[in-house]
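In structure tokens, the next block holds one chain alone, the form predicted on its own.
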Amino acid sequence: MGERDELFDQDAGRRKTIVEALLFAAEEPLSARRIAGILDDATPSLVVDLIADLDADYLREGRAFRIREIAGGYQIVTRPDLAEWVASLHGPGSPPRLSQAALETLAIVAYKQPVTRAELESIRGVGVDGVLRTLVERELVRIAGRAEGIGRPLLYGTTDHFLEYFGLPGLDALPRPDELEVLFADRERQTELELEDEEAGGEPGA
């Protein structure tokens, strides 16, 4: 290896370390473009390559975490098979599980967005005021504008937090409708385990 190649490898290694530090410190997914803007003389495509190399390092070394593309950005996450142990760290502030009505409404919003409350109620056959309020408060659904026509009713769509919550890189990665129910069930089961761990941790002598 020549001196130039060695310097190139050192530079790439340094950049990879910086990318790792940025992903580790961020509280939300970071886009390749944003990371490239922080690095010197880096392009989004180079950042994507660095992230792929870094994730390959984690896989090869059997590390407890991986890098996933979520909500249009990248984030370091713990491996799913370690969720049972990681859940025990969550405090009493963990959000309660979503009701079946909320999950059904969220699924409709995800696939029909932008959608009005009347359209949601027409599909579900029941009122959704309370459910929509819960989903908006949980930041899974947002007001996406107003529809044309009489009264110009509010339109609803999913949020970036929705993508983060279910670990999706974007809306184009949504599973088939029949698979979405399984995705919701898995995510809610994880939340249920977190709540069970919290209750167990609060018992005397636990």
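A residue's number is simply how far along the shown sequence it sits, counting from 1. Here the structure is a predicted model, which is why all the values come from computation and not from measurement.
What comes next is about the form predicted together with a further copy of the same chain, which is not displayed.
- a further copy of the same chain in the predicted complex comes within 4.5 Å of a heavy atom belonging to L22.
- a further copy of the same chain is not drawn, but in the predicted complex it has no heavy atom within 4.5 Å of T116.
- Not displayed here, a further copy of the same chain is kept clear of I51 by more than 4.5 Å at the level of heavy atoms in the predicted complex.
- Contact annotation: D57 falls within 4.5 Å of a further copy of the same chain in the predicted complex, judged by heavy atom distances.
- Residues of 18-50 that come within 4.5 Å of a further copy of the same chain in the predicted complex, judged by any heavy atom, are I18, E20, A21, L22, F24, A25, A26, L30, R34, I38, L39 in sequence order.
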